[in-house]
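First comes one chain, alone, set out as structure tokens in the form predicted on its own.
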């Protein structure tokens, strides 16, 4: 069984950690690395990371993503860039167009339907068309303040409300997180950026709230967020951020998910700062589920490590993404995340796609109207689905599997380009299952026409 070939897009704090973990695992192979920083281009990635390459092939860092993302070059792309669906959308679509799976650590990708439903539908449609899967995950969102809560709730008969908090250290994260959290800015700068809406704070509360609600079958009528500055009383410094005394060490962000009657069903509290230990603040993850007649309390002290946790979640979910049903997936769709100590390639559980040969009759799919271009009068669920055409024809390429872009020659001698689908060549439709009511009607009609006598 060959190794899973992983292309990495982004080599910051998280990307570098992901690359190191991939290099340490059996059944995974780093097939390419793409960055924006020109000074890294051309460097050998193992040497750059200070890793012994051993007998592995050298991997040279590039700034041309098209050189490393292609179905014959990699099996999956790990996107270690951005926090938002909108800014990562084009990258994801680029990878899907080339028929490879995608795993993203962008916070909003943990539940992209929460704030970017139209973009999520487009990702889902293209992933299904190319026969690959997309997943967003990380430590939070993706685990602590959503998935872990859902897992705990599975032991309850009924849940009245949920409260959870994550008190964590931002020090392991990179520069982009420092900027999002306002680390090092003054209180006046905090107020100004809050007014203009340029201070992100923690990204992912709507996604975590929506994942919990969807997983439990609860309808939230409103989601409210608050942000308050965490002012440092001492000078603090981490590898990627610095907060002088009197400036922001981070932001305390809270979210309240309310039911239609106004009751708070979910309360999430997330004070994030660099080096909290410098002021005697202990980190930890805390969950309280108020069940029917008792409280269930969970404490993880100190916190689940944020940097290591995000890196591990990304790498440990790689085989499960490859083995998943095609489309945009969430953590609720895939197997339980766990530390894989054996061969990663052996953790892929899927049926092997049939390989078609030249001249073989196949079905190809083409999109006539993509998501976002459907007629305005069609139902909402129809708008979220592309209008597709399926054509049967004889394969012109040497070979292909589901999701490959190919050309077929039809029985009428037309050449059609499309994506190999898994639609059966032979018709499989029926008139459906027996309907008891129609059987009763049949008997009544028979009685009226023939008086009950068999003809």
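Residue numbers count along the first chain shown, from 1. Keep in mind the model is a prediction, meaning the values are calculated, not measured. For the two forms, the rigid core is made up of the largest set of C-alpha atoms that agree within 1.5 Å on superposition.
As for the form predicted together with another copy of the chain, it is not shown, yet the points below apply to it.
With the partner left out here, another copy of the chain still marks one of 236-244, 69-77, 181-189, 154-162 in the model of the complex; by a 4.5 Å heavy atom cut-off that stretch is 154-162.
Annotation: in the model of the complex, residues 272, 372 and 382 none come within 4.5 Å of another copy of the chain through any heavy atom. Put simply, residue 216 is close to another copy of the chain in the model of the complex: some heavy atom of it is within 4.5 Å. With a 4.5 Å cutoff on heavy atoms, residue 333 counts as touching another copy of the chain in the model of the complex.
Among residues of the shown chain, residue 94 is not one whose heavy atoms approach another copy of the chain to within 4.5 Å in the model of the complex. When contacts are judged by a 4.5 Å heavy atom cut-off, residue 354 counts as touching another copy of the chain in the model of the complex.
This chain lacks the partner; the member of 127, 230, 321, 311 within 4.5 angstroms of another copy of the chain in the model of the complex by a non-hydrogen atom is 311.
Scanning 360-392 for heavy atoms within 4.5 Å of another copy of the chain in the model of the complex gives just one residue, 361. Comparing the forms between the shown form and the other one, the C-alpha position of residue 69 differs by less than 2 angstroms, with the core used for superposition. Comparing the forms between the shown form and the other one, the C-alpha position of residue 396 differs by 2 angstroms or more, with the core used for superposition. The two forms, fitted on the rigid core, differ between the shown form and the other one by less than 2 Å at the CA of residue 55.
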